[in-house]
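One chain comes next, on its own, written out as structure tokens in the form predicted on its own.
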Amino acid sequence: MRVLALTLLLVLGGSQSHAADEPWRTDPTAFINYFAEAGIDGILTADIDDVEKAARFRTLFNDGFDIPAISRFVIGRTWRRTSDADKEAFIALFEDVIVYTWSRRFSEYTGQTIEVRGTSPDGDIGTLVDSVIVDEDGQTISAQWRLRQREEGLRIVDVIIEGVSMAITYRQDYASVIRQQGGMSGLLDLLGRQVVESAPS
């Protein structure tokens, strides 16, 4: 999760735009490069407190990721028999958990950069963007971005670090919680506690 958090910061850190008609919204390479090249001054090195950093990251996270689609995937078959109220509660809590958990990793950034190496088709409306994270010593870690074309433009639905999928990891973890802790209500209770414990103060 440490590498994943820093990877997302590198890509999402500099964007403040929400315009859906900009060219980078429809070109996968441009989409990743736009965010990466924009820099991370707005969060990682900004002279602001942790609460404001988390708030800025939340805005950027919502701008780059398809959170409802990721939520449906990580819950799996249980999603179909979940009430609308519980679906909404999960999406909100899931977003909070990601934002607060990853925000706590901001201080671990030490100058890593991202280089896009290529793209390949991923389904009818998807693209897989291959990239590497390059650290200060020149060592690289593979990072793939699974993108989907939406009405408002491209959105990220998964990040794969060294072959490990963010979405699948959450799906496996939450399936275990659902089985062992009383279904969806048990998962919502757990996420609620995690949000309280990880929220910046």
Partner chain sequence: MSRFMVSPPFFRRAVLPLVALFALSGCADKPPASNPEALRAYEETNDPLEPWNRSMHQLDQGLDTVLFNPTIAVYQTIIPEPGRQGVTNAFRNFRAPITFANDVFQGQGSRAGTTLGRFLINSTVGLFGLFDVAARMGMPYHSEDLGQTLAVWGVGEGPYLYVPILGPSGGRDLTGYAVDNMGIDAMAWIGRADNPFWWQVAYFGALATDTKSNAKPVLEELKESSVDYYAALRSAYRQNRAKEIRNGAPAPLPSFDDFDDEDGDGDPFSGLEPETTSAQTAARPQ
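Nothing here was measured: the structure is a model prediction, and the numbers come from that model. Numbering follows the first chain given and starts at 1. Here, rigid core means the biggest group of C-alpha atoms that superpose within 1.5 Å across both forms.
We do not show the form predicted in complex with the partner chain, though everything after this point is about it.
Visitor: I'd like to know whether residue 96 contacts the partner chain in the predicted complex, with contact meaning heavy atoms within 4.5 angstroms.
Guide: Because no heavy atom of residue 96 falls inside 4.5 Å of the partner chain in the predicted complex, the answer is no.
Visitor: Quick one: does residue 144 come within 4.5 Å of the partner chain in the predicted complex, counting heavy atoms only?
Guide: Contact check for residue 144: yes, within 4.5 Å of the partner chain in the predicted complex.
Visitor: Is residue 174 close enough to touch the partner chain in the predicted complex, meaning at least one heavy atom pair within 4.5 Å?
Guide: So residue 174 counts as contacting the partner chain.
Visitor: Report yes if any heavy atom of residue 167 sits within 4.5 Å of a heavy atom of the partner chain in the predicted complex; otherwise report no.
Guide: Output for residue 167 is yes: heavy atoms within 4.5 Å of the partner chain.
Visitor: Looking at 69, 51, 134, 30 here, can you tell me which has any non-hydrogen atom within 4.5 angstroms of the partner chain in the predicted complex?
Guide: By the 4.5 Å criterion, the partner-contacting residue is 69.
Visitor: Relative to the partner chain in the predicted complex, which residues of 69-85 have a heavy atom no more than 4.5 Å away?
Guide: Stretch hits, in order: 69, 72, 73, 76, 77, 79, 80, 81, 84.
Visitor: Once the two forms are fit on the core, has residue 124 moved its CA by at least 2 Å between the shown form and the other one?
Guide: Indeed, residue 124 is displaced by 2 Å or more.
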